[in-house]
Each structure stands twice: as structure tokens, then as C-alpha cells.
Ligand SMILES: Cc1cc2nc3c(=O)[nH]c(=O)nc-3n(C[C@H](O)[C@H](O)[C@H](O)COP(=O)(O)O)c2cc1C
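Single chain ahead, by itself, as C-alpha cells, in the form predicted alone.
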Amino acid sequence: MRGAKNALSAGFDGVEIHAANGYLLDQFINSSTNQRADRYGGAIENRARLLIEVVEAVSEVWDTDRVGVRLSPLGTFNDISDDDPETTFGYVAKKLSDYRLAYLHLVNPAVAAIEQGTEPDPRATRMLDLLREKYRGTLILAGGFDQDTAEAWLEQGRADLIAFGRKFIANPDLPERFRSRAPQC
């Protein structure tokens, strides 16, 4: 909660709760890393409890329309995994949808396919479709996109927004490069 208060005091526009990429909240959510036998382990309702408590605590500081959450369904960072990711992340997305957050930000489970220029694994596609169905708010996808794939995925309705990280680091003028169709690093 201190971080949320500090961000508000510093004049930020909002905050994103990072529950992805093998960080602590992601470890609680995924069955391979959460081996707890208390009220934070076992069933998905328990494994998601810490994330929900963090969302509620942050929402005491910020209006929920200024709070986002980042997840990495089907993520494998540091060998993280889940026995039933569709049930796990479907539950989490539906639960988060009830809070009317600013957005849900997903590390695209089809990132490897996009980076290789191939069709996504059917499991990744099913996961995206499921989360799109369960989360009723703004959905952001990040990972492996270039201008053409981002535009295509937006046109197909797979996301409301596409986020760029690495491309922005390498190309601080990325929007202008997109506008002029200039090459990117």
C-alpha cells in the first residue's frame, strides 16, 4: 500500500500491479510454485487471494479506473507453470473484471509465435480467447509485436491495446517510425 500512496503523492496517473513474469504474485497464482497448505495455497481461490488482497488495498488509495494488473498466462519464466492454466487464469480474469479496473495487461502467451512469424499455438489462442471472454474491461497485450502484427491483432479484436516495451527502448521515436513506416531496431 505504501508504494501506491507514494505513486499518488508523486503525481502518477495510475499504477499497475505486476503479477506476471515469475514475480511474487505470479508465484502465488501458479500451482507449480505455490505449494502452500494455508489459506493462500491449494485451490485457485486461495492462490489468487494475495493478488485480490493487493488489488483491494491499492484500490483504497487509487480509484479502480486508475489501477491495472499485469499477468503472464502460460508464462514459463524460471520454469513457472500451472497444472490447469485455463481454469487458473480464467478465474483470475473473471475476478479482476469485477473490480472494473483500468485494464488487464497480458504478456501475450503467443509471443514466441509472433516473434517467429508463425501461427500461435492453439493453446495460446484458446487462452487469449478465454481471457478476452472472462475480462470485460480494457485488455492490453504485450510481447513480440511489430506494427503489422499489432494492427492485425487489434483489427481482429484480440485486444483493445497493444503495448510495446523493447521496441520503445530501442526506438524512442517508435510512434513516428510507425507513422512513416520507417525501419525499427
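A quick note: this is a predicted structure, and the numbers were derived from the prediction, not measured. In this text, residue numbers run from 1 along the sequence as written.
Quick note: we don't show the form predicted together with the ligand, though the next part is all about it.
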Q | Contact residue in the model of the complex, from 159, 142, 127, 150 (heavy atom within 4.5 Å of the ligand) | A | 142
Q. Going by a heavy atom distance of 4.5 Å, is residue 163 a contact of the ligand in the model of the complex?
A. yes
Q | Close approach of residue 18 to the ligand in the model of the complex, 4.5 Å, heavy atom | A | yes
Q. Given that the partner is absent here, does residue 47 sit within 4.5 Å of the ligand in the model of the complex, heavy atoms only?
A. no
Q) Considering only 58 to 80, what residues come within 4.5 Å of the ligand in the model of the complex, judged by heavy atoms? A) 70
